[in-house]
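Listed next as structure tokens is one chain, alone, in the form predicted alone.
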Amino acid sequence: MAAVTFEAATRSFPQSDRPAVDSLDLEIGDGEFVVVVGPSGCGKSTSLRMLAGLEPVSSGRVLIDGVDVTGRRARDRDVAMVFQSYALYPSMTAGENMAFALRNLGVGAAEIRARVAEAARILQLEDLLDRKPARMSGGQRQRVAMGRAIVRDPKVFCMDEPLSNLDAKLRVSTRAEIAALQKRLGTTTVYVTHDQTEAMTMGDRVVVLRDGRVQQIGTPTELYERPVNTFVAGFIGSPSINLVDGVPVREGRAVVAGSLQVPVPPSGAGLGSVTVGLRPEGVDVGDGPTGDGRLVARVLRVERTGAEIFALVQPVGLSDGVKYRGDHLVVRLDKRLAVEEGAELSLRVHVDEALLFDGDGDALR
């Protein structure tokens, strides 16, 4: 196990007008599971490849256990990589794939057999060691790829979207297996994904990237409850947060519509208007207790997932200048509720859960 440090690590490509990764500063503790998340092209995979030694660092440094490995070859960093595409040799069995790197390192045959057997036991692959990849499912192949990393007993695991090729049901079960395995092994792990659900359910901490720059680093709860800007607020949470722009500030309150008023902290007292963020799960049907705001909305569409209902609604009676992003708001409702398209709903908004942002999209504290 080892701590990992990025010090102003930057990766620039000649054909690009901006760095793929721009001055990344990040400290990862020994044994920590950190997830790097962001949209396509944000630099998350490039950051991982810089750590693994598969991508050069244009400026800055990468350290493992306090040792500068920026100029070292990938094979000399003691980092194991799990790729999105599995990268298994089709002509080799599962056992041979897992043993391949150890053979290249000159490890003795007896030790190789012991390490492969232990990894197979951990990953429940004992019955598949003599089977080739073509005769395995996607989940089994992913476990073999993980086993190939485990047998090396590396200081750091690097995982680059390892679940993206699996179906939805298998992704859920496999992400639980990976998280449990990491806790058991205690190996420092950096996991890259574009799926915010994976980030929220797996990581000790989450790093949100946008255009090569860090937006926020924190626990899943911190990112959900206290996002630093509208980008993080919109990226974390499913369905995405509703953002209402141009909400006027009057006497220390952001007035969205009628009784739907959100208290503005002192940092926003001098602002003429703010952006209000409303989580879909922070809205209920009904009048609500004292302190909650009221909002009337017309139902445009109803989406039933079985366990819950998502209603796409259009608010009525908004204050002058108020505009909601997109053509609707999304609210999460109880599955037992009878909701029809075209109907009007009286909604109660838990204003204590609302988020406020200034004109630049930065959170008001």
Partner chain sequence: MSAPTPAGGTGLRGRVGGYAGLLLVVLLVAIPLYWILISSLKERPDIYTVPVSWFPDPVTGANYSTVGTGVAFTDYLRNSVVITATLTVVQVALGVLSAFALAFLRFPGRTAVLLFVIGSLMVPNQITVISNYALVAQLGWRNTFAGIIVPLAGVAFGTFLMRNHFLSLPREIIEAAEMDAAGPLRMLWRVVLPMSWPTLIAFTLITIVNEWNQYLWPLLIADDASVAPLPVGLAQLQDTQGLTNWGPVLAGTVLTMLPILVIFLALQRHMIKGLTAGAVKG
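Everything numeric here is computed off the predicted structure, so don't read it as measured data. Numbering follows the first chain given and starts at 1.
Not on display, but discussed next: the form predicted together with its partner chain.
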*Quick one: find which of 214-222, 70-78, 123-131, 198-206 has residues within 4.5 Å of its partner chain in the predicted complex by heavy atom distance.*
70-78
*So which of Ser267, Ser91, Ser173, Ser259 reaches within 4.5 angstroms of its partner chain in the predicted complex, heavy atom to heavy atom?*
Ser91
*Find the only residue in Leu54, Ile64, Leu318, Val330 having a heavy atom within 4.5 Å of its partner chain in the predicted complex.*
Leu54
*4.5 angstroms heavy atom contact with its partner chain in the predicted complex for Ala180*: no
_Although the partner isn't part of this model, could you tell me whether Phe231 comes within 4.5 Å of its partner chain in the predicted complex, counting any heavy atom of the residue?_
no
*With heavy atoms only and a cut-off of 4.5 Å, decide whether Ser238 touches its partner chain in the predicted complex.*
no
*May I ask you to state whether Val249 is within 4.5 Å of its partner chain in the predicted complex, using heavy atom distances?*
no
*Would you confirm whether the three residues Arg49, Ala101 and Leu105 all fall within 4.5 Å of its partner chain in the predicted complex, going by non-hydrogen atoms?*
yes
_Given a 4.5 Å distance limit between heavy atoms, list every residue of 143-176 close to its partner chain in the predicted complex, or none if there are none._
Arg148, Arg152, Asn165
